[in-house]
Ligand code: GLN
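Below you'll find only one chain, the form predicted on its own, shown as structure tokens.
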């Protein structure tokens, strides 16, 4: 019988432990990021939101209300989260049934057609995700997408990440001083010149951010004729659709003859009801297009918060809010414009939306910050305002491609959808500026 040798475990435990140095193997030699991320990593909101927070600046830059949404929406949300177990569990991945039925009925009257609530809507985590799903679903490698400038800054990187090529078409300012956002006009000749066999879509934003331009019927008809003639998809970002002023009327391009079949309309409950942080948006369009967005949605986010959709069952039943809010904002818009004029600046009166841009070429500012010397002039001014004056705005050239920024570096953007106390704090700072006489 063989016996195992007896080990002296005590002596073994006392031996020094030999550690293996793995530090040299922690790094990876291969490229970590996907190539589609190259050139799209910088984001104006990340940079200026952080800068605003660091300097505790008065924030009239970022586009969100600093007041609460209407009481009936808050009450509906409270009712949703106390409405039983189902409100805390998954709902239909493509949109809470009650919500899409309300939206279909409401927008069906506006576009003049029956809308299928289950086929023609994709509810998303804000309009931002609706845009992402749209580009990922419809834009293929090598497709070209016309983007009308100025544009909300996510359009271009989203097109690139989908493998497409952005074609930038500038909405040109008419000659002379710009008094209204209507002074920016889209040229039919320039639109036609951007067409080639690879052009698949055009992206418009009405009311426009940052200009506040509301496209008129004849402008929309020109775009519609272009899309129909050349078999092009229209992606229409209409998140500010209820916010129009001075008689300007928002018209859905999908309501024009022949356009429902080729239009994806992007909407936002957050913008409609002053609850941007709840992140409820949608894409609306014909089922044969929206089904492809659903494929992207179900393989990424899959599902939006149930309770955050449930409170919008009241959508359309309180349509007076769509009149009350523009009236309230119109007063704030006039207040900001008066303040800017009082110090010699030239505001451009927006026809719609949250924002007002102003010409800052009359400002006398000693820009001696070496860290910004290679940046566009409006970026330097905005950073100076944040750091030296405690006022946060947004540079307008950030809404243009680098090749077209040169002509708009004398404009900065203000958000007037703020509490009166916030606007008052901004006014106090603005009146301290030294302006050329």
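Residue numbers count along the first chain shown, from 1. Note that the structure is predicted; figures quoted are calculated from it, not measured.
Same protein, other form: the form predicted in complex with the named molecule, not shown, and the subject of what follows.
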Query raised in the report: How would the site be scored, open or blocked, if the named molecule were superimposed onto this chain using its pose in the predicted bound form (blocked means 3 or more ligand atoms within 2.4 Å of backbone or C-beta)?
Result: open
Report task. With the named molecule left out here, work out from 57-65, 29-37, 403-411, 381-389 which stretch has heavy atoms within 4.5 Å of it in the predicted bound form. Result -> 57-65
Query - Listed residue (96, 333, 271, 252) with a non-hydrogen atom within 4.5 angstroms of the named molecule in the predicted bound form - result: 271
Report task. Report the residue, out of 351, 265, 209, 358, that has at least one non-hydrogen atom within 4.5 angstroms of the named molecule in the predicted bound form. Result -> 209
Query raised in the report: Wondering, does residue 128 line up within 4.5 Å of the named molecule in the predicted bound form on heavy atoms?
Result: yes
Requested in this report: Examine residue 107 and determine whether its closest non-hydrogen atom to the named molecule in the predicted bound form is within 4.5 angstroms.
Outcome: no
Query raised in the report: Contact between residue 240 and the named molecule in the predicted bound form at 4.5 Å, heavy atoms?
Result: yes
Query raised in the report: Hey, in the predicted bound form, is residue 152 touching the named molecule, heavy atoms inside 4.5 Å?
Result: yes
Requested in this report: Between 37-57 and the named molecule in the predicted bound form, list the residues on our side with a heavy atom within 4.5 Å.
Outcome: 45
